[in-house]
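Single chain ahead, written as structure tokens, the form predicted alone.
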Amino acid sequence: MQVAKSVRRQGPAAAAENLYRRVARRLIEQIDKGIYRAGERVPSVRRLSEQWKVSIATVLEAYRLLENDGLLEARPQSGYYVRERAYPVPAEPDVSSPPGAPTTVNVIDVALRVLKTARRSEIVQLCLTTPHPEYLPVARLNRIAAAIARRDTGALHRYDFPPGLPALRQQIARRMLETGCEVAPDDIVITSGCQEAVTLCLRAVARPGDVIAVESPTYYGTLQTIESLGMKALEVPTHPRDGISLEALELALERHRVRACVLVPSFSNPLGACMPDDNRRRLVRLLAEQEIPLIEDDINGDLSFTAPRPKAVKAFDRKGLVLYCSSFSKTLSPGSRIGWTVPGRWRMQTEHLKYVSTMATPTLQQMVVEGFLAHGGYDRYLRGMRPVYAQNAERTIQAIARFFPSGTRVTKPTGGFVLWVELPPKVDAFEMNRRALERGIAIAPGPLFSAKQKYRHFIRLTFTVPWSERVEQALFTLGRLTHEMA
């Protein structure tokens, strides 16, 4: 915890000799515990004098000491306030070093158990990557849905067979120009979310027993899909800012018979990494040389903190080997489950698999999203949300810097809404998750993001809920737990 420079400099013996220094130290402890937060007024000189049974002169001297050290600021005719403090930003985790051999995946049971517990309504959600309803254009979507229901009474009760609603596919084709991709509406297959898009694409290009290269750590939903299809995952070292190591991937392709890759090049989950354009070009060339398909999960691509959004890897694809997947679940409406894929040369297989799997994506939801896109509200909505998520990320990183032990590391994403936190080695993520839940806080333990359940002292935190005193207190509690366990 932080201690003012002047107080710390004196040492315990000297501090004991000066009553005002003891008062200052006690107030610092209350500030660090979150009793008084940045921008809040501390008790008046007279009130603190009465509370702590010390003279007004002693309190005044303590406040002046803390003002000199930059912890308090005096406002004329108002009193003393806690000053905003800049804490050293934690370092980023190192490049990951997963096992070098393909492995059978075993994460479904653990993931489902964690997620079921985390869904309780009273929990402070620092676990799920679902935007808070306050961040979604709910009222606008509801109005569009009501208008469609009045105008087209059969919309709720009919199929729009694969590839999906033509008007929606046209709007998505226009949206994809923002990613650098020129695709026709007929190239697009509508799915029930991005997860189904990735699953259909994996089924189209690979079979049980095949080896699938993934980032490490990677999204547990991808690992669950690989596990459910009877395939093996090959975890590849990944940089916390630039994404998968192309040198490590090239070496993996030489050593193993990789059937396909599943990657999240833009704001990956859980790292938040964003691959530079030059790396995207190199990735496409590397895989094209061996005719290896790439399933690109771009679900977070629109969540860049700044405009423009990153180009898709698909934009550099000239051979139809990139199967692009995305959805509106992280931006417009998680519950609508509107996703899509541009599966390149596997379009016919993907359409067929969609038909035999779930027949069709609900028509009304497709019409609602199409209506929202058609009236030009999507870009305006994104412009409003980008600074919100950027600020949430900065506040969460600052809270980690304030409350967690020295040596804690955290990623610095430029988009999305996840942070990957490396804790001291003695901290067990599953045990921390258990203790956090007892205190009403949900986190995601690091082993969920590895086929081998590595990353035992890592956790993933999200910033999808509005910043509040309750969220800040939850982060303070997690920091205190980390101190205890470390």
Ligand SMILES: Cc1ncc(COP(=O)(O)O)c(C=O)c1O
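The first residue of the shown sequence is 1; numbering continues from there. As the structure is a prediction and not an experimental result, all values here were calculated from the model.
Note that the form predicted in complex with the ligand isn't included here; everything after this is about it.
J.: May I ask you to state whether Arg347 is within 4.5 Å of the ligand in the predicted complex, using heavy atom distances?
T.: Judged by the heavy-atom cut-off of 4.5 Å, Arg347 is well away from the ligand in the predicted complex.
J.: Taking the ligand as it sits in the predicted complex, is Ile299 near enough to touch it, meaning that at least one heavy atom pair lies within 4.5 angstroms?
T.: Contact with the ligand, yes.
J.: Is there a non-hydrogen atom of Ser327 within 4.5 angstroms of a non-hydrogen atom of the ligand in the predicted complex?
T.: Ser327: yes, in contact with the ligand in the predicted complex.
J.: Is Gln366 one of the residues lying within 4.5 Å of the ligand in the predicted complex, judged by heavy atom distances?
T.: Outside the cut-off, so no.
J.: Only one of Leu200, Cys194, Val105, Leu234 comes within 4.5 Å of the ligand in the predicted complex by heavy atoms, so just point that one out.
T.: Result of the distance check: Cys194.
J.: So the ligand isn't shown here. In the predicted complex, which residue out of Arg386, Arg402, His239, Arg337 has a non-hydrogen atom within 4.5 Å of it?
T.: Looking at the other structure, the residue within range turns out to be Arg337.
J.: Sort through 261-269, 176-184, 158-166, 392-400 and report the only stretch with a non-hydrogen atom within 4.5 Å of the ligand in the predicted complex.
T.: Checking each option against the 4.5 Å cut-off leaves 261-269.
J.: Hey, which residues along 120-134 are within 4.5 angstroms of the ligand in the predicted complex, non-hydrogen atoms only?
T.: Result: Thr129 alone.
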